[in-house]
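Two versions of one and the same chain are coming, encoded as structure tokens; call them structure 1 and structure 2.
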Structure 1
């Protein structure tokens, strides 16, 4: 039967109401992009040089080495193939790394962009070509053992010495050790270091410095530099996240990245024009996390949905064959909301990217007015999407029963590698509170009669009042968007009231903010969810959308909105905006929508267009031939190299023989 598709999966595909290719084109932005994506993927997946043993079978050191080899191949082959376009590179890189990391990930994602963005022209001339051509390998050393999201707390110091025109770099405490940067432990020979700038005994806050940390001759740490690997983590087995400490390491004045702030030879400090400029990069990085949250959820749902059609279990009706587990409504209720969420975040990320592109055009013209709103919105969306992806990946794993727990499923590794998205680039709760801060500010402005624009426009205008007694069609996307808007506006209002009450009870502003923070997070969450639902609904109004796919996408959008509504029904019921009848109706609609989505489930995950070589999952195989490959995979496991493991001779044999002798 090798080569043929599992008959259950074949039937699923035959019975779908639409052609998945149409949705693929919609998701990726047209058939041209999809064609290019597949070309690039097959360059990797059909190239025997890129084949390697399953990383799950390897020790961490072997994983590090294997990914290093692949990453170098990728760079050299990519250069020969002239893959330079950003999108092309991303397709190509994804195909190499699957759900793991490219060894020079931070070099590309942080080191180079920081040089582009913050180096002067002379600095670019000096370092950029070397960096672009991988003649030096860099990382971005910001986080310390004692400080992450709170940048101002960094302790590493760069003290300017005007006599030699050098900065002296020091790690004054254990907590000042740089800790976590990817590729820092063993791979990089350079880094952009964030350190507290001191001039003539005065602190100027964190600034970026270009610092060489290992010799270009023999790769040994330079004098005064202590560098190493921070040890094994939940995921990222192949990545050498590192630590780094300095003892009076001197670098020339010209090594401070001086596009914005400057230190002149005599020690005069020149301030940057605006601190908000850094927001642009942050928005882009967060938009990427939102896109990626959609993508990892899409992978997890693809695996779980296909497997749930192949897996048959239990006896629903006496004498009947065992049903496919996807026919259980409880299984649908686990997977379909995350299928819908994957689409929702995929589209949210796209919108954020396009808003970012528009606004970065404005920024380049010197207009940064759109940035604060975008920055605040992106914080909440980053947090929301990475949280939902976390929970969703695990829900998908557990929906695959025992086999989901095996590394053969690909799901544990996907989760372990993706879950830090809730922490890095700003811890999620801190992110939600950033959004909340903007919401409070906007709310107060609207109270003072200012008209708000953009994503917070709904906070101005009349305070929405509960509309009890109205009957509503809970499937209507307009009704649903209204409900989410009402909830967000109400929770923003309630958080503001709570904040005011705490102030009136005598707390100062920071204590009041802290006391109200649970409500503030709740408000920011509701605001972010409203944006996602509204954006999904708006994308469906695209007039170029084929009706066969707009029907099914509308169902997904309805399910997404209704599921969020029943999951948080208290928020909608608390002030009587929705009635118990509305919520009950919403639950019945969810059941009906799931029944309608059931025959399209496999086509909807096929539409994400992940080739097997990227999914890396025995359970999620396109051909559905799960069981024979599970056995084959297990047989390749290192513990099976010999029938009798060496520990038998070392430990078990004497133990058993002793015990037998004592009988």
Structure 2
């Protein structure tokens, strides 16, 4: 391969201070995992059955059909290969789907986990095997045209009829139409439906119901069911996001998922042991979004960094050769903070999934004590990571100049498919306010001398502001973690004071909360950023890291923390915790760190280990041979199948001839 690699890119790899494979092993959890990942990716990338025309050149219907075919092949081949491990399935699915979605994504990500978590054993016996074996296909129908994140506002009704022991499902208004569930438009024949439970005229709030929506014989909508595709979207052209409405559709009483809440045959409602038990599936999905945010940002940075080494632009010095774009410090300042953020969120996502797994085991044994903290943490990190990933992907696209605008770069499709993470599974501002609610509760508990959960233990007291003139080493990760902790604790304290002041001014709790909401979101953001910085620093204490890896990852961690500090310098300065000298020192350190990271930039993105077939980018190719493949990609456009397009004969030729005749 060395002979075919772009010479600039080859030189970058030769001059790196470390071997990327060591970082790859760290990121994925060891050489054994990396080996297995590559085996599974190779199975997909070398299988002609999974090859297809570039989705960018296909109509939406063709994209849907192509991904459906590949998804079915993936399931059937995966079963034959006995790919059952969760991590293995993730590697295999990612290799097939690329930056697009698996056609049965909601079936796997929401439908199955809800059955696992909220169905009784009898209900699992009835549906779970069919769902696991893809004998039925499901989605998760929660969001409505008029309500999303606010679950209590859902309008779809499930009214219990004790005379027949059935629930009657209805869509009472236009805004009650289910809207957005993936796989609903044309694919699913079942759904987990979130609907308001009514018994004897009384509402008991939203509950999950198992509802068949299409025939298992001919796939047509069942009587009383209106279902279809919502149309083209900003991205995810291959996914059939759908709408759904019900007109007096009756389902058996046993179709309410009753692991926790129950409705007896006579209509008696049995409350769940805790309302928090429903958080489990949401926490898992949000933890996955944190993981995915790190991965998609890593892909975008990989593309932009490699291309910035291949692309040469302008003269830095008159008469000298055009330098690599990455040699411009302004380009480094665009990309390196997001390179650091990709590592930060990659590691944070791993921590979140580990905490979720541990907590799930506790919950299954009846211990739900960790759920409130986990719910608050997952909400804040989901919002923070998806926000940063969105901004970062767009920065990477613009850093690639004009070619970043082309679908050949892979960046527009990556961005369009991943940007909805800021709104699905909870709109981000609302997510931050959920985190803030937990922070306010924890802060008030700390005032009462109660012991706080691990992630909020620092709220037990705002640190005293150090004496003026104290000098700090702004590269010390301990100093940086302390600064982020102090900022978070102070902003939580100030949001609590603001909330109290609004109440004392005569506002009721909801109005006071709304009035203080900007401060509350800011506090939740600071709390989430502190967790990410602290987690990154803690992961670097891994004793298995050799010095070359530890050194370069420490620089990334320092850059991530310092860039966030300088970007939010007002927060650190306004109470005197940091001084202007500290911030100026931080800014200088950023420039010095970028200079040290510059020789390692390509090796750091190589360590993410995205094969070309998964990266799907002409600009981000491993071999760096961008221009010849850019031309090859353009020639493949359907508009180039003929030298003269049919529209010339139909429209353009008569138009030109008429105009010439008038001369």
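All values derive from a computational prediction rather than experimental measurement. Residue numbers count along the first chain shown, from 1. If you superpose the two forms and keep the largest set of C-alpha atoms that fall within 1.5 Å, you have the rigid core.
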Taken from the structure described, the form predicted in complex with a further copy of the same chain is structure 1
Fill in: Exceeds or equals 2 Å, Cα of residue 450 between structures 1 and 2, core fit
yes
